[in-house]
Structure formats: C-alpha cells, structure tokens
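Below you'll find only one chain, the form predicted alone, shown as structure tokens.
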C-alpha cells in the first residue's frame, strides 16, 4: 500500500464475493474512503490471516480488524450513526433477525447455486477470481486452480442434490421478502434505505444479476438455460424487483 493510502481503511476481498459486495456497498453508501485489496482463493488467506480472518471480507479500520461482514456493518454504524440502522429498538431487532437469515441462508444458497453451474465451466471461475488481483497472483492462481476447484466442489457440496437444496432455500427466503414487500413497503424496514436492504440485495444479486452491480453482468445470454430460468423467475417476484430497484436507485 502506498503512502497516500496507508491511513485509509483496508478492505480485503475476493472481488466477486457477494459478502464483500455487501460491505463495499455499505461503505460506499456512507461515503467512507477506503482501499480495496483483491485476492483469489486460496491466496486470500495469507492476507486475511494477518488480521485474524480465514475468509473475506476483512476490514482493517481505526487500528481494529473485523472478519465478518455483519460485524463490519455494525462497526460502520458507530462511525456514521443512524444511517445503516434505525435507532428504534424494535426495528433494530427485526434488522438483526432478517440479516442473520440473509447471511446464513440466502448468501450460502446463492453462492452454492452459482458455483454448481460455474464448476461445469471452471475457467469462468478462474476469470472471476482474477478480477483486480496482481499479475503474479494470476499466475499462481492458474497453477493452483485444479486443486482449488476440487476443494470448492467438496466444500460447497456442488452436486445436483446440493443445487436443488440451494434453490429451495433461495425460494424460501424470497417468499419471506415477498410477503414484506407485498405489504406496500418501499424498503424492508421502516421508511428508508438501510443495512437490511443492502444485505438482501447484495446476497441475492448472484441470482438476480441486477444492472449497476460492479462485477456481475446483467445480461443473461451466456448463462446456462436452467440458470436463466431461475433468474427470470426470481426477477419477476416482488423481492426480485426490490433487488433491481435497490441497485438502480442506491448503487451507482
């Protein structure tokens, strides 16, 4: 990191990670100036481990390290209060409940679903992982790639059964959000854009491919037919429309 950037918050990411997009979006929405450092699996671990993390995102800010996306958003709320979260205790509790659901169920499901199809064209994974990384790391990633893909296939249960379970979980979370949006709410909680909207939209983005996403292409022509069918199904739901509107209105 050069001298001009050394005092800025450092965000360590895999560029295309939707959990990293969640944090990146929150920091952008708050106007926090930061440095993003992209790495590819498995090499990201040698950088995150310096701050006590095993995965991404990791944020080093104000002399403190945060290794979980939700912990990061909570800390950002202390820097710029009352923007990401409402002060009302009941709304704050609802936010915690919904965001845990999105983090633990939706984010995992959309990742596993997307990887199931990507692993069938594995070099597309390498291209995605290589976004924003150094030339040397690109070489190392290409060499390690056969082992890396074997690991993720086992780790994320990239089987037909695993994919079907992921699709079921995605639909279940979308049904919950559909019910909230069908009540006429413009946002998921309260009357303004919040961390809950960011979390849902970012973690759903793999399965929606909205315009204005910094890395995912909203055009579906190159995706497998079966994958496109679910994207179009989800885009047509109130929850899917919410994701596209959040990106259109709040992610420039």
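Bear in mind the structure is a predicted one, so any value in this text is a computation, not a measurement. Residue numbers count along the first chain shown, from 1.
Below, we refer to the form predicted in complex with a small molecule, which is not included among the displayed structures.
Peer 1: Find the only residue in 111, 180, 163, 105 having a heavy atom within 4.5 Å of the small molecule in the model of the complex.
Peer 2: Selected residue: 111.
Peer 1: Among 56, 198, 27, 207, which has at least one heavy atom within 4.5 Å of the small molecule in the model of the complex?
Peer 2: Exactly one listed residue reaches within 4.5 Å, namely 56.
Peer 1: In the model of the complex, does every one of 8, 38 and 60 come within 4.5 Å of the small molecule, counting any heavy atom?
Peer 2: Checking in the model of the complex: none of 8, 38 and 60 is within 4.5 Å of the small molecule.
Peer 1: Would you mind picking out the stretch of 154-162, 119-127, 79-87, 167-175 that comes within 4.5 angstroms of the small molecule in the model of the complex, counting non-hydrogen atoms?
Peer 2: Stretch 154-162 is the one.
Peer 1: Within 4.5 Å, heavy atoms only: does residue 212 come near the small molecule in the model of the complex?
Peer 2: Looking in the model of the complex, residue contacts with the small molecule do not include residue 212, since no heavy atom lies within 4.5 Å.
Peer 1: Any chance residue 226 has a heavy atom within 4.5 Å of the small molecule in the model of the complex?
Peer 2: It does not: once the small molecule is placed as it appears in the model of the complex, residue 226 has no heavy atom within 4.5 Å of it.
Peer 1: Taking heavy atoms and a 4.5 Å cut-off, does residue 50 contact the small molecule in the model of the complex?
Peer 2: Answer no; every heavy atom of residue 50 is more than 4.5 Å from the small molecule in the model of the complex.
Peer 1: At the 4.5 Å heavy atom threshold, is residue 45 in contact with the small molecule in the model of the complex?
Peer 2: So residue 45 counts as contacting the small molecule.
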